[in-house]
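Read the single chain below, which is given as C-alpha cells and is the form predicted alone.
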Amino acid sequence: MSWNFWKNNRFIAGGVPLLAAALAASLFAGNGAVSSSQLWGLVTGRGGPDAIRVIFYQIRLPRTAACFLCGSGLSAAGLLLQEALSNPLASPGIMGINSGAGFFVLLAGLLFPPIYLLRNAAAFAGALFSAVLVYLIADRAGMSRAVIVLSGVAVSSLMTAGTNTIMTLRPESVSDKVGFSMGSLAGIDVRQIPVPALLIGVGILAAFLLAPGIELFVLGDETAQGLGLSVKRHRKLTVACAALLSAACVCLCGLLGFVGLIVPNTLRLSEGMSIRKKLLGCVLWGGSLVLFCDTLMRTLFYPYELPAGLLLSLVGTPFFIFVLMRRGIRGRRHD
C-alpha cells in the first residue's frame, strides 16, 4: 500500500492497538484491593476467590463497557455537531447539550417514578431542547461561528444552574453529586448498560447513513442544495443524532466533558478522511481516551477515586484554548 494510504488512515490503523491496550488496562489494572495477576488468573481459567469474580464480572466489565460506550458516543456526537455547524469548537459539553440532558434527567427523577426508560427519554428531550434553544438564540443574534459557541455557553450555564438547584434542594435526587457533575464511571451497574448501548449503537449507525450528505456541508448550503441534498432537513437530523448520542452517554457517565472536542479535532490532523472514517476513528480514539482517563483516576490515587471528568477537564481546557488560538491564527492569515 502507498504512503498516502497510511498517512490518511494512520488514526484508524493506530486506533485498533490503542483501544486494545485501553481495554486491557481498564479490565486488568490492579490496585490495593485486587492485583492484575488475580484478575488475569480468573480470565485464563485458573480460578480465584469469589470476591475477585464479583469484582471482575460485576464491576470491571460493566465499567469498561460504559467507558467505551461513552467515549465513542460523545466523540461521534462532537464530530456531528462540528460538521453540522461548520465549527470545530462545537461539542456536546460546550453547546449545552450534555447539560440539558443532565438537567432533564434530574427533573424527570423528581416528577416521575424512577423508571429507567423514562430517564433515557428525558435525557434525549433535554439534549434536543438545548440544541434547539442554541439554534434559536444564534439565529436571532446572527448565525456566525462565534455566536453559536457563545449561545451554547449561555444555554449550558442555564442548564447547569437548573441542575445545581435540584441537587441543592433535593440532594437525594442523585447518589454522587460530584461524580454526576464532573462525569464519573464509578458505580456502573450491568443493568444500566443495555438501553444506552442500544441508543449509542443506533446513533452511530444513523450517523454512518447520514455521512454522504454530511460530506456535502463543506461545499456550502447552495451548492449542496443544487446537488439534491435537503440541507436544512439533513442538518436537523445530524444535530438530532448528536443529541441522541449525548443523551445516552449522560445516562451512563453524567456530565463528562471535552471528549467530543478533543477527539474530532485530533482526527482533523489527518487530511482526506471521509466522515465515515472519522466516525470509526471516534469509536476507536474516543473509547480509548475515556478508558485511559478512567483507569488513571481509579488507580493513581488509590484508595481514593477521582472522576474521569476531572482529568478530561485538565486536558480539555488547554486543548480548547489551543483550537481557539489556531482558528484565530488561520483567520489572520486569510485576512
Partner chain sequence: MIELENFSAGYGGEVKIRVETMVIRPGRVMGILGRNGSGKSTLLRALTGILPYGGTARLDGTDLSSLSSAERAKRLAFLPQQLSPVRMEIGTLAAHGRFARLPFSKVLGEADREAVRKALVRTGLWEVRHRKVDELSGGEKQRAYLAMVLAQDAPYLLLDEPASSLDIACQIEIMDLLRDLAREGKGILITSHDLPQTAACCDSVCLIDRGLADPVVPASDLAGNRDRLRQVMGVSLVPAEKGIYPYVLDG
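Numbering follows the first chain given and starts at 1. Nothing here was measured: the structure is a model prediction, and the numbers come from that model.
There is another form of this protein, the form predicted in complex with its partner chain, and it is not shown here; the text below is about that form.
A.B. asks: Closest heavy atom of residue 271 to its partner chain in the predicted complex, within 4.5 Å or not?
C.D. replies: Output for residue 271 is yes: heavy atoms within 4.5 Å of its partner chain.
A.B. asks: State yes or no: in the predicted complex, is some non-hydrogen atom of residue 153 no more than 4.5 angstroms from a non-hydrogen atom of its partner chain?
C.D. replies: No.
A.B. asks: My question is simply whether residue 142 lines the interface with its partner chain in the predicted complex - judged by any non-hydrogen atom within 4.5 Å.
C.D. replies: No, no contact at 4.5 Å.
A.B. asks: Should residue 226 be counted as a contact of its partner chain in the predicted complex, where contact means heavy atoms within 4.5 Å?
C.D. replies: Yes, residue 226 lies within 4.5 Å of its partner chain in the predicted complex.
A.B. asks: Among 228-236, 259-267, 125-133, 82-90, which stretch has residues whose heavy atoms lie within 4.5 Å of its partner chain in the predicted complex?
C.D. replies: The contacting stretch here is 228-236.
A.B. asks: Let me know the one among 109, 179, 213, 162 whose heavy atoms come within 4.5 Å of its partner chain in the predicted complex, would you?
C.D. replies: Contact with its partner chain in the predicted complex is made by 213 alone.
A.B. asks: Identify, from the list 147, 121, 193, 219, the residue with a heavy atom within 4.5 Å of its partner chain in the predicted complex.
C.D. replies: Checked against the cut-off, the match is 219.
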